[in-house]
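To begin, one chain is listed below as structure tokens, in the form predicted on its own.
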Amino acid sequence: MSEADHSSAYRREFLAEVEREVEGGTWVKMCMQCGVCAGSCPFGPHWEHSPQKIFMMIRAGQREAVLRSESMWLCTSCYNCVVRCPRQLPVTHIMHGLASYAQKLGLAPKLQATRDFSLQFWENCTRTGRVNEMRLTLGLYFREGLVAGFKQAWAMRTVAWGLLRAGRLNPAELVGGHRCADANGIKAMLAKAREIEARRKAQHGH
């Protein structure tokens, strides 16, 4: 097999993987590289790789570069890209899907702020069905170690005082905290959602 043939097979392989594993991935090949998504994004100037570049990189087989990129984690779900895409690609869903897939494979960039917040928020709120703001805040502050945590807490002391006065931050939540009346119901709901997702993937050969 020639070098060109090898290259072509590799490109198709990663695109097929994205189509199989990533929500909305089957739309990637429909991107016509117009750049409207990047131009519509409020974070446009800060993208390491804009969405249309990510899609081209997928089609070019650049698996490591795509899955290790911070770009997907910059998506704020404003949906400007989806509304304006001339081919109606679900760009937001694809970007979040790529981020989730990279995390699942252990390839997501470590200490990436959005990734850290997403993981801690999910673990925090699914435990009791309600967010424990105190534990979430401290978990984020101290994720890089004790010294960094104290520095971050001190830097945010004015905000913290305001939250305490407004009743939005309660130190007592460190040993308890508010929770949904039916925490078991929340767990059952999440388990059912995972079951439905697994069945959907099986039906579509994913």
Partner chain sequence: MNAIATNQTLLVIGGGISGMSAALEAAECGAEVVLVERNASLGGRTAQIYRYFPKLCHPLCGLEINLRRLRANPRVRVLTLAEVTEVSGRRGNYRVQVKLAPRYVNERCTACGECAKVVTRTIPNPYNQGLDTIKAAYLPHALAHPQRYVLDASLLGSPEAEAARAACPVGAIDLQMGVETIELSVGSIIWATGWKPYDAVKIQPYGYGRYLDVVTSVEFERLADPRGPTRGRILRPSNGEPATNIAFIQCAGSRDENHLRHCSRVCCMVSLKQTQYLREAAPEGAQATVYYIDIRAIDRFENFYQQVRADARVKFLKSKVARIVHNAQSGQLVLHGVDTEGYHRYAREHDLVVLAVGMEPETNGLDLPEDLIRDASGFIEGSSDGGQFGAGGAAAPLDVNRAVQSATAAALRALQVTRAAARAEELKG
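Since we're looking at a predicted model, the values are computed, not measured. Positions refer to the first chain, counted from 1.
From this point on, the text means the form predicted together with the partner chain, which you will not see here.
S.K.: Out of L119, V83, C78, L136, which one falls within 4.5 Å of the partner chain in the model of the complex, going by heavy atoms?
M.R.: The option sitting close enough to the partner is V83.
S.K.: Counting non-hydrogen atoms within 4.5 angstroms of the partner chain in the model of the complex, say which of L163, A65, L140, C34 makes the cut.
M.R.: So the residue touching the partner chain in the model of the complex, by this definition, is C34.
S.K.: Counting only heavy atoms and a 4.5 Å cutoff, which of 35-43, 177-185, 144-152, 164-172 contacts the partner chain in the model of the complex?
M.R.: Answer to the contact question: 35-43.
S.K.: Quick check: do H96, Y101 and Q103 each get a heavy atom within 4.5 Å of the partner chain in the model of the complex?
M.R.: No residue of the spot touches the partner chain in the model of the complex.
S.K.: Tell me, yes or no, whether R87 is in contact with the partner chain in the model of the complex, where a contact means a heavy atom of each within 4.5 Å.
M.R.: Judged by the heavy-atom cut-off of 4.5 Å, R87 is in contact with the partner chain in the model of the complex.
S.K.: Going by a heavy atom distance of 4.5 Å, is Q52 a contact of the partner chain in the model of the complex?
M.R.: Yes, Q52 lies within 4.5 Å of the partner chain in the model of the complex.
S.K.: If you look in the model of the complex, which residues in 155-175 sit within 4.5 Å of the partner chain (heavy atoms)?
M.R.: Sequence-ordered list is empty.
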